[in-house]
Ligand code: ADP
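In structure tokens, one chain follows: the form predicted on its own.
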């Protein structure tokens, strides 16, 4: 094999957009010489470092783009304090199949039970599995779409909520919404349903009562049907993290999750 024309290594790595290889090459070359690595071993180490750095950068970028109000992981959730939900129950929502199969989840419970923590943790796990995510409160999502309709860029704003592999809609039912709430939310849910994209919704109200919240029982029923076709409900009971002395009223949140 004819040897290719040479070039300055630093310039070449910069030209190929390999910043991690460029940064680590001197130190790893010295280590390879000291430990008698083969050329293949050195190359594997350099490429592995580049891939790991790019994966880390992608996760950081996707996490910022998701607009989480804070970052929580599944490992940080206190399953001892919040004993009404078991980690094994959530296992099917933590793998890549959550997104590839378009699964959805409704997390129900009174305030302070850890619904938002779990929703963010599930979405962050999806990011770690290679997918994009978006977080918004129900009020924020509905407000964005309503304002976009007035400005004339509705389709662009709608796509921002439809495109990500997983969308978290937090606190559905906590506030009063405008008369167009059901229509706005239906557009998001319907488009995500058609694309097979996942939705995680947190709420303090049973899905059967969303018609009153959204001012349109028929559209609310259509929303619930689409979410639940490939979705499940997990109910969080027990004490509030914010007010540990307050017990869950008997019968308030339905049966505990398995």
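Source: prediction; values computed, not measured. Positions refer to the first chain, counted from 1.
Heads up, the form predicted together with ligand ADP isn't pictured, but that's what we're talking about next.
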query: So in the model of the complex, does residue 116 come within 4.5 Å of ligand ADP, heavy atom to heavy atom?
result: yes
- request: State yes or no: in the model of the complex, is some non-hydrogen atom of residue 92 no more than 4.5 angstroms from a non-hydrogen atom of ligand ADP?
  value: no
- request: Tell me, yes or no, whether residue 39 is in contact with ligand ADP in the model of the complex, where a contact means a heavy atom of each within 4.5 Å.
  value: no
query: With the cut-off set at 4.5 Å between non-hydrogen atoms, does residue 134 touch ligand ADP in the model of the complex?
result: no
query: Looking at 96, 111, 143, 178, which is the one with a non-hydrogen atom within 4.5 Å of ligand ADP in the model of the complex?
result: 111
task: Work out which of the listed stretches, 179-187, 147-155, 121-129, 79-87, brings a heavy atom within 4.5 angstroms of ligand ADP in the model of the complex.
output: 79-87
Partner contacts for 44-76, taking ligand ADP in the model of the complex and a 4.5 Å heavy atom cut-off: 70, 72, 76
